[in-house]
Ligand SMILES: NC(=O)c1ccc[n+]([C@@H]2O[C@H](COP(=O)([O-])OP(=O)(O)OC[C@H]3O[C@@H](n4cnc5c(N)ncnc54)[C@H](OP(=O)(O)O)[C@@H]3O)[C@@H](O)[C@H]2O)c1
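Okay, so here's just one chain, in structure tokens, the form predicted alone.
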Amino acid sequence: MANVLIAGCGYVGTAFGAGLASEGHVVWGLRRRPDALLPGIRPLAADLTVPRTLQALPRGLDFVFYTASADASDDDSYRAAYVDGLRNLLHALGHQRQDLRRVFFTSSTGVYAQSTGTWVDETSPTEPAEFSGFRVLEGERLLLGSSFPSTVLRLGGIYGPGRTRLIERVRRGLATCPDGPPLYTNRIHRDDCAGALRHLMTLAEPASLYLGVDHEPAEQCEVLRWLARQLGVSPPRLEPPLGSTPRHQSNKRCSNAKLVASGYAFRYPGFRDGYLALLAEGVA
């Protein structure tokens, strides 16, 4: 069994940690307020942006998973979560001379800025158009340039239990479809985020980079109209394109071929599988 630290143990980290703990692993969940962690995860109260709170990390760690996310949608918050916090943790681990088997970092497909619906994979250019993608990419480079064996998992849009805003918008008639060329979206269910991390942890020599998305990059309006049919409500109305703001320029289809080739089998291969499970649980 492994001794595991999950730093920034939030939405994905908590689900992942609970699964590991159920298998008998020793799992530490680091967050500012660890009282909300699930049973089986050992609480570790610390702030990744405050180095002095990281002086008492558990000894003898085997794996570290950095799954922190930004508190707000601004550059300062993204830099704090994905760059400063990671740098502080790596420094603390190095200062303690932890002999880690690997550090994993949950990144984002936001590091890509392709805008024409093209396919992207781990070898595609990363030229983020927004501060969020830039800071996440900065964190990737910080980790991969460190002295620790490391792996980055670039996750698409995460949905799952408790993250059903899209379903609610469709149900309430608030969702709209931008008129014009197809706008592709890439997503992954929370349980597959956790499953992919668990799978990569078992590999003797995982690669340094994987894309974490399901099998089906889906056109945005297709997803909305499918949800409307499942909910028995009117389809979303068309609206004129909102212009070429940075948020609407990103339009790509992300490939999970490398992750699948490594042996991971998705629990929810496409958006229909994942959303049907949520609907069956009565979330909408």
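The numbering used is simple: start at 1 and walk along the sequence shown. In this text, all values refer to a predicted model and were calculated from it rather than measured experimentally.
Same protein, other form: the form predicted in complex with the ligand, not shown, and the subject of what follows.
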| item | value |
| --- | --- |
| Interface membership of Asn256, the ligand in the predicted bound form, 4.5 Å heavy atom rule | no |
| is_contact(Pro178, the ligand) in the predicted bound form, heavy atom dist at most 4.5 Å | no |
| Proximity of Leu155 to the ligand in the predicted bound form, heavy atoms at 4.5 Å | yes |
| Contact label in the predicted bound form: Ala68 to the ligand, heavy atom within 4.5 Å | yes |
| Contacting member of Leu224, Leu48, Leu57, Ala218, with respect to the ligand in the predicted bound form [4.5 Å, heavy atom] | Leu48 |
| Proximity to the ligand in the predicted bound form, single hit among Tyr82, Tyr112, Phe104, Tyr210 (heavy atom within 4.5 Å) | Tyr82 |
| Within 162-180, the residues that have a heavy atom no more than 4.5 Å from the ligand in the predicted bound form | Arg163 |
